[in-house]
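Consider the single chain below, provided in structure tokens and representing the form predicted alone.
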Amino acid sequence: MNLLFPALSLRWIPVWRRNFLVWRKLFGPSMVGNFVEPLLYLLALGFGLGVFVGEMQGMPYSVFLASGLVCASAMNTATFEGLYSAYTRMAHQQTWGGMLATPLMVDDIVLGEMLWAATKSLISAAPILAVAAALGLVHGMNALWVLPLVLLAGASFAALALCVTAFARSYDFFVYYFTLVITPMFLLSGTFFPLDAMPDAVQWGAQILPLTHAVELVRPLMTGAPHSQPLLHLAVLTLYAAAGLYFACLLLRRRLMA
């Protein structure tokens, strides 16, 4: 095994397929958890609070909020999968240990887990996009490009989550990541309000957060607003996914093969 770079191959496919088959048996509860909460945010805040907010960046608040919730749902789903579900398979069910008794390597497992978490983020975000379209909150067919962007964003969040999982010794460890990283990112990445309303230091800090760049890509596609630096936002998300995968492979090799 190359100790410097992940040894990537198509052997990730059985890992992805195994997780899919398990998820298929739990389809109902999984979809309720991933779909209902963002939908309630959209209805309660978009239409309830939206009456008082009015327009934001030249569009109804419900339209502004819908695009942010699609991205936030992708982030939360991929993060939960890369933390709690992956840790369960690694530490409690010993699923990964069984996989390592086959020709699979740690890098295959990590890539399979990352792509499965990205797939789940797409599964959770797509219904929200469909509901937003049904409610008249989506502008045009360009919104279909949101789906591959959600997949990329999900891969970014999943890769970061797997890096955290590599250090975890219990489920309690994930509280630090949610409290110090995910919650601030959820609130300060343009999901609920424009970043230009925040102090300059917060605006600068938000530019390093992957959710900010996901929102900047998805919102124009859903609202018809002009894009600003789309290549930059794509590059940042791709960098997070690639760097996260690299470090997740190194860290999990160290943990599982020690």
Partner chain sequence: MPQAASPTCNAVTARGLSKLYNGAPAVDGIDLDIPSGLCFGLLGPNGAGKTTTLRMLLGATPPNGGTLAVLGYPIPVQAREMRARVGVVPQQDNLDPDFTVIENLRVYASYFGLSGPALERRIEEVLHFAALESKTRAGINTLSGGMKRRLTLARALINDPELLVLDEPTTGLDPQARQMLWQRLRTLMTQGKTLILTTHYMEEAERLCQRIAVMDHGRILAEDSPAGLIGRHIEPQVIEVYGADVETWFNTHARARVERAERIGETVFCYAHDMRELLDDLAARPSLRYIHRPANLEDVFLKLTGRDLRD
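Residue numbers count along the first chain shown, from 1. Everything numeric in this text was worked out from a predicted model, so none of it was measured.
The next section is about a form of this same protein that is not shown, the form predicted in complex with the partner chain.
Does the partner chain come within 4.5 Å of a heavy atom in each of L137, H139 and A235 in the predicted complex? So, no: the whole triplet misses the partner chain.
Scan M105, A168, L152, A143 and let me know which has any heavy atom within 4.5 Å of the partner chain in the predicted complex. Result of the distance check: M105.
Of I123, V164, M99, I182, which residue is found within 4.5 angstroms of the partner chain in the predicted complex when only non-hydrogen atoms are counted? Exactly one listed residue reaches within 4.5 Å, namely M99.
Which one of these stretches, 59-67, 44-52, 22-30, 200-208, sits within 4.5 Å of the partner chain in the predicted complex when only heavy atoms are counted? This holds for exactly one stretch, 22-30.
So, in the predicted complex, is L4 in contact with the partner chain at a 4.5 angstroms heavy atom limit? Flag for L4 set to no.
Is T119 close enough to the partner chain in the predicted complex to count, meaning some heavy atom within 4.5 Å? Answer no; every heavy atom of T119 is more than 4.5 Å from the partner chain in the predicted complex.
Proximity of T95 to the partner chain in the predicted complex, heavy atoms at 4.5 Å: Looking in the predicted complex, residue contacts with the partner chain include T95, since a heavy atom lies within 4.5 Å.
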